[in-house]
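Next up: a single chain in structure tokens, the form predicted on its own.
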């Protein structure tokens, strides 16, 4: 039993000396830190350690000491750890250097709604300078592209176009068809009150081509592609691949961001046009099957309602939304931290930022086009 752990507490005026002796290993059923905490009376101002008789130890000793230090910190008692082994002091220093985990929203007390809104606004305001700086870099990259000096592989651009466009057709088709059905039913429910069901064609055609097709496509692509861009660039950030590009003198904006932005600006307008036609087909199905409107009547009314300006408005909005999605996804990816959790946060933040930018852009463009009479 001579090698068993030994703990002796000696009080001297305002100092409590913790004497550690023997073998302090986990297998020896070490005492808890509350053994020392109960001796931290009101008169104790300082705690010191004496480990001269300590024979050997493992992680059980730092665990015990961490509890003692925590109890001392809670009572405002000074600690002198000079008498501990050097290895133990280093482990305790590392343990204190790790910040406490934020458990708010998990196991901790959740913040109030006002606090959450305030923190979100402050985070957005703090991020504005970084967003403007990133936007400036993209504008410079576009200038280099116009001058023929941008450095990226054409194959990467075509791969991004394939990923953004053709592979997004199934989800865009399903959502656009369902939105067209909903729009036709809602419009018909009101139009039948005045016997004007034929104007379902006008409502669906103008709504899908001009507004809803671009907006729904933008939201779909934001959730599908914007998050993917953030995750891809975030993973490259974690693996230090982007740092390697900079070391080699290759602009990450040219090589990684520019192809993604060009792909979205080209394909989102085309997907918007496609979504408009799918929505009109859904409206035709409702009008023909439910409200006894003939195919030729619906087709003629659709041609009468649609003008070139409606297509141009929808295509311009799709192009703007594509640029917003690429900007948000690449921005959050380039800002990603160096951990797996940071990659997930970047993907989530990219979707939220993209949808927010799309909503703002939709409002501004709608007002501008209305004031211009387009």
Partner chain sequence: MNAIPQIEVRELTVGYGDHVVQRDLNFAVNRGEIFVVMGGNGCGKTTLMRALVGLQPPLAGRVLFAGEDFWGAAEEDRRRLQRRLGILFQGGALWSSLTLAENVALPLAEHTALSAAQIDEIVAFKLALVGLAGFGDFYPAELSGGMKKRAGLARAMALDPEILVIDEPSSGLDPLTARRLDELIVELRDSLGTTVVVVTHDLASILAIGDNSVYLDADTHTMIATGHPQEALRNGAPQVRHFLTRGNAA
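Every value quoted in this text rests on a predicted model; they were computed, and no experiment measured them. Numbering follows the first chain given and starts at 1.
The same protein also has a form predicted in complex with its partner chain, omitted here; what follows describes it.
- Stretch-level contact check against its partner chain in the predicted complex with heavy atoms at 4.5 Å: of 288-296, 183-191, 151-159, 217-225, the positive one is 151-159.
- With the partner omitted from this view, the residue of 122, 303, 146, 248 that lies near its partner chain in the predicted complex is 248 [heavy atom within 4.5 Å].
- Contact annotation: of the candidates 244, 95, 281, 78, the single residue with a non-hydrogen atom within 4.5 angstroms of its partner chain in the predicted complex is 244.
- Of the heavy atoms in residue 338, some are within 4.5 Å of its partner chain in the predicted complex.
- At the 4.5 Å threshold, heavy atoms of residue 239 reach its partner chain in the predicted complex.
- In the predicted complex, no heavy atom of residue 134 sits within 4.5 Å of its partner chain.
- In the predicted complex, its partner chain sits within 4.5 Å of a heavy atom belonging to residue 255.
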